[in-house]
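The form predicted on its own is given below as one chain in structure tokens.
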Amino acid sequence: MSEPTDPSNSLDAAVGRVRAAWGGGSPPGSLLDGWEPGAAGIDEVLRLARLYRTHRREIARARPLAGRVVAGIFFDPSLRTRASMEAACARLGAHFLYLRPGEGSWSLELRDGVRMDGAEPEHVREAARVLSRYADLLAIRAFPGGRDLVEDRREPAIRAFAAHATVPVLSLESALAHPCQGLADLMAFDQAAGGPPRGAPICLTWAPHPRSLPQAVPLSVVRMAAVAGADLRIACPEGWDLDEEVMARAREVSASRGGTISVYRDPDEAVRGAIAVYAKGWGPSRPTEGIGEHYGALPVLDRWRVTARRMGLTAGGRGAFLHCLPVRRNVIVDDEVLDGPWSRVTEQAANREFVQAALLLAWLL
């Protein structure tokens, strides 16, 4: 995963490598959970992302995706996801069509076989098919509702669009996956390791948060660390283990790539010697007896906050601190860490544009 140095690298050739590794030579299909490209496809997507990062001014002048349309359907709010998608589209010459169901566009019914006499006047079947006529790609952001873990796990909004659209669908975060964030995080691991992070110790640590958050981001971190063959240490309290089905597959992928995945209950032990510490709050996979709806029910919150002392336990005391943002200061991580030499959160967020531009080129060039 070394940086590209030859400015004569062909964009067409780089896109061709992504398509060969991921789509068998054709433009790839949908990206919903992050596993779809396979290890070779992910390597090529990151290679194209680095090419874009190095030459984005020249690429922007060429406007290679002029005339293309990307429809972004946002059921939930965003800062980095929307801004990075719009920035990538603008530089590549594509138009980003922002839609917020229920706010400026019709609310959508996602269930099949229902009598539509309620608040939703349009069904996703028609919406997905019509938007597929206007846009070349549908990008969907839909968080879980949080009341029904079984229903949330079905990811009804994104899966419904994928079932009925006639163009590729890109997940911009769901209950169990945030593939663009995962790709950006893999770039960040590469940057922290100074090269491919195969065998490199990386800590993913649970962190306190006022709300019970979806597991999409931590599970995407797990997926990409597994693909990288990293030594991933997951630190979390009892009752907050990550989704069993995703973890089972991640362990298989990790083993095939020469990596390991371990779970720790002591965050200091997990952090010790790590090249990167990725903090993120997440909710339990299932309701747990004795644990309230909010993290305030857990009596050891401060034990999990990332402090300067804890970062001092990393490799040479200089490990990178990572977080997908937004981050709650002095709840998840101390000001001293975010404003100190460990923080790589801004560079990590910048990677979002690079990987999303690479995906857009792979689909639409």
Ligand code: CP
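Computed from a predicted structure; not experimentally measured. Numbering starts at 1 and runs along the sequence shown.
Keep in mind the form predicted in complex with phosphoric acid mono(formamide)ester is missing from the figure; the text below concerns it.
Point to revise | Exercise: Cys324 in contact with phosphoric acid mono(formamide)ester in the predicted complex, heavy atom 4.5 Å | key: Yes, Cys324 lies within 4.5 Å of phosphoric acid mono(formamide)ester in the predicted complex.
Exercise for review: May I ask you to state whether Glu173 is within 4.5 Å of phosphoric acid mono(formamide)ester in the predicted complex, using heavy atom distances?
Suggested key: Yes, Glu173 sits close enough to phosphoric acid mono(formamide)ester in the predicted complex that at least one of its heavy atoms falls within 4.5 Å.
Review point. According to a 4.5 angstroms non-hydrogen atom cut-off, is Ala163 in contact with phosphoric acid mono(formamide)ester in the predicted complex?
Key: Heavy-atom contact with phosphoric acid mono(formamide)ester at 4.5 Å: absent for Ala163.
Check your understanding: Does the 4.5 Å heavy atom contact test between Ser220 and phosphoric acid mono(formamide)ester in the predicted complex come out positive?
Key -> No, Ser220 sits far enough from phosphoric acid mono(formamide)ester in the predicted complex that none of its heavy atoms falls within 4.5 Å.
Check your understanding: Based on heavy atom distances of at most 4.5 Å to phosphoric acid mono(formamide)ester in the predicted complex, which listed stretch, 118 to 126, 251 to 259, 73 to 81, 93 to 101, is the contact stretch?
Key -> Result of the contact check: 73 to 81.
Practice item. Kindly indicate whether Thr205, Arg272 and Arg305 are, all three, within 4.5 angstroms of phosphoric acid mono(formamide)ester in the predicted complex, using heavy atoms. Key: No: no residue has a heavy atom within 4.5 Å of the partner.
Exercise for review: Would you give me the residues of 176 to 203 that have any heavy atom within 4.5 Å of phosphoric acid mono(formamide)ester in the predicted complex, in order from first to last?
Suggested key: Stretch hits, in order: His178, Gln181.
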